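Just the one chain here, laid out as structure tokens, in the form predicted alone.
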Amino acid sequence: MLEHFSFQYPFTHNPALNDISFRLLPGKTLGIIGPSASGKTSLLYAIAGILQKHFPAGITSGTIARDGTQPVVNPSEIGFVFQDPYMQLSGVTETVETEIAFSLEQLAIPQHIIRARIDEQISQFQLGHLALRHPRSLSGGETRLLALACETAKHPRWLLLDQPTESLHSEGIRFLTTLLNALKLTTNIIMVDHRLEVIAAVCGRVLFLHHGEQQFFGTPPELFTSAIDTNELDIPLWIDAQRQLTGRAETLLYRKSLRMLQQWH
């Protein structure tokens, strides 16, 4: 998918991303992790094609491909939820329902299909009690779910999420984790999040960035049992504990950790 990809913003001295390479098989989910300013969001933007479009003067090398082709920003193919969900509200609608409809109208989707997808999203995201509320009246967590509902209503092939659990309380995180595990059956998900327990519960592959460089690419169990320096990451205590173990106990404790996380959140 990515081969030796690097990007340097205009008027800067160091690359924001340096020699990133990995391949994500169809149907797999990817979690991008790393400390602050490690290049996580830049990489997500690059995969979506946003980075290259808005910073044409940036220095780019290497390749990015989806499904074997160079990335083309196609609104019907990609769903993207930004770290700040408020920036995704259209500002022209009066209700949650019409906000979802607005995102589909931009793709010239027929009205009868739009109505069906509104109902689909209201049900899937449990937004029934908010359907007639003004989008600007929602809480941060509710706005994040609305932004996600608007993007998944497009039925995208790729769903890219920047910090989707931010502003959510523990019940909301548990709900979103369950929802993402359902969505990944039909959509390729790439997400940035600081909650490693969510990454581990949703993603089959993890990419660890540090200062724009790739430190690790593999499965969550491989990350948690690797020798790489993860001191700057907030690893849950019971997952960190199993890093000290070896052999079969690692796998058993890792699986137990995920079950505990799912019950706790």
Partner chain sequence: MRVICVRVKFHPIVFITLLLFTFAATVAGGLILQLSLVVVFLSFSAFIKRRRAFWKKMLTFGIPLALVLVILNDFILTSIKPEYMEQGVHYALRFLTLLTCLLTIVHVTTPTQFALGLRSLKLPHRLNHIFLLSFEVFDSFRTIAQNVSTAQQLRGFRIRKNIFSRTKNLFPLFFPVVFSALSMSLDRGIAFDLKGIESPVSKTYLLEWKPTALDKFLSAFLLVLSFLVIVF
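Residue numbers count along the first chain shown, from 1. Every value quoted in this text rests on a predicted model; they were computed, and no experiment measured them.
Below, we turn to the form predicted in complex with its partner chain, even though it does not appear here.
**Q** State yes only if every one of 120, 125 and 182 has a non-hydrogen atom within 4.5 Å of its partner chain in the model of the complex; otherwise state no.
**A** Checked in the model of the complex: no contact with its partner chain for any of the three.
**Q** Would residue 137 count as touching its partner chain in the model of the complex under a 4.5 Å heavy atom rule?
**A** Residue 137: no, not in contact with its partner chain in the model of the complex.
**Q** Residue 150 near its partner chain in the model of the complex, any heavy atom under 4.5 Å?
**A** Residue 150: contacts its partner chain in the model of the complex.
**Q** Counting only non-hydrogen atoms and a 4.5 angstroms cut-off, does residue 158 reach its partner chain in the model of the complex?
**A** Heavy-atom contact with its partner chain at 4.5 Å: absent for residue 158.
**Q** Given that its partner chain is not shown alongside this chain, does residue 78 nevertheless sit within 4.5 Å of it in the model of the complex, heavy atom to heavy atom?
**A** Yes, residue 78 lies within 4.5 Å of its partner chain in the model of the complex.
**Q** Using a 4.5 Å cut-off on heavy atoms, which residues of 10-34 contact its partner chain in the model of the complex?
**A** Nothing in this stretch is in contact.
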